[in-house]
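Starting off, we have a lone chain in the form predicted on its own, written out as structure tokens.
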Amino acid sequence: MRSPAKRDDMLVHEREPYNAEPPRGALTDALTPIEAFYGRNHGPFPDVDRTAWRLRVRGMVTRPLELSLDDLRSRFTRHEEIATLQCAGNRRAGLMAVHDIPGQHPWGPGATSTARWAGARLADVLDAAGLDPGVTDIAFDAPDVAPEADPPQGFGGSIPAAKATAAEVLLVWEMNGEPLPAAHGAPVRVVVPGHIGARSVKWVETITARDRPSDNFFQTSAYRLLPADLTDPAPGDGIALGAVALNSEILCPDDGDDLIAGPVDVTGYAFVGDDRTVVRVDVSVDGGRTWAQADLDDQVSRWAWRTWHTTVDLPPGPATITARAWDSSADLQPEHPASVWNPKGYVNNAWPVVTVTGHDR
């Protein structure tokens, strides 16, 4: 395996395929450095020759395309978006504390990161191909073969055509002002702002216009929210995950920190997908009995997380710091992880909690 250039303190859940997240403190800036950006993979990194790579656009189109990287860069206008990607399994460890979830990685709050992405708008490429009137979904396929799939197959998925033709969805070849690294999908990946990270397919090779969602395992079986009591799911059961649910996390202090009692700075992020925005974050130092409103930092992009900060008066002794976010639809995060537990451990958006100890000076 080609090890990605990452921080030494990444929490590595699996080395082959590579799955790792940064420590909380690495996510406090508006943009996440590439070396701290989380990695979520279902198969080994594919060995892609940038010069031989081609993107094929096919299916329900009037003009099928085959594009090299140079074609993409020369034929289509370059656009930038600052966008947060968040794995559907982000904060799964909190659900595992309620009930075990065998075979899944115990992701903490670091399976989310924000970058400045640059590339061609997917809408422009689809326009060049000419979509048929009956197209409802746009599917993506990549060469990273996932052994967990049944049968083993390359990673893939789809998004509704309405999202695919929105201006924010990009075919990316640049990340934070640098050429897209192999570990993040070079030579070209899809970035679907506001949707779960699994829909931003890395190493994309084929785009297919369809009149139904993708048949890929990761669309029909894997990334689906299942009822808590479903023990033997079949393909198509549950809800296919798309837009990111309202979520937040405390980044500083860290869980288990020993602190000086008194004024303590608390920082974190909050994020929600698609047509909603984060409008408020509250913080409690007494387990949710009383709350104080945090200050929201400037949002660097419509499609990026909202970082926040406040100062609390930490009492001596053990203390529980809790946060909760609100969005523009007046939605509030659910209180308890038990209420959102599900067999695959997706979408843990319960109130985040860290436990600290305050000491006298």
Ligand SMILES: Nc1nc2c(c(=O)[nH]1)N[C@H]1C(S)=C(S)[C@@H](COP(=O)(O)O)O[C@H]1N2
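All residue numbers refer to positions in the sequence shown, first residue = 1. Note that the coordinates shown come from a computational prediction; the quantities given were computed from them, not determined experimentally.
Below, we turn to the form predicted in complex with the named molecule, even though it does not appear here.
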Does the 4.5 Å heavy atom contact test between Ala142 and the named molecule in the model of the complex come out positive? yes
Val281: touches the named molecule in the model of the complex, heavy atom cutoff 4.5 angstroms: no
Looking in the model of the complex, any heavy atom of Arg306 within 4.5 Å of the named molecule? no
Could you confirm whether Thr208 comes within 4.5 Å of the named molecule in the model of the complex, counting heavy atoms only? no
Counting only heavy atoms and a 4.5 Å cutoff, which of 95 to 103, 268 to 276, 123 to 131, 82 to 90 contacts the named molecule in the model of the complex? 82 to 90
Looking in the model of the complex, is the named molecule within 4.5 angstroms of a heavy atom from every one of Gly197, Lys202 and Tyr223? yes
Only one of Thr28, Asn41, Gln299, Thr320 has a non-hydrogen atom within 4.5 angstroms of the named molecule in the model of the complex; which is it? Asn41
Under the 4.5 Å heavy atom criterion, name the residues of 153 to 181 that approach the named molecule in the model of the complex, in sequence order. Phe155
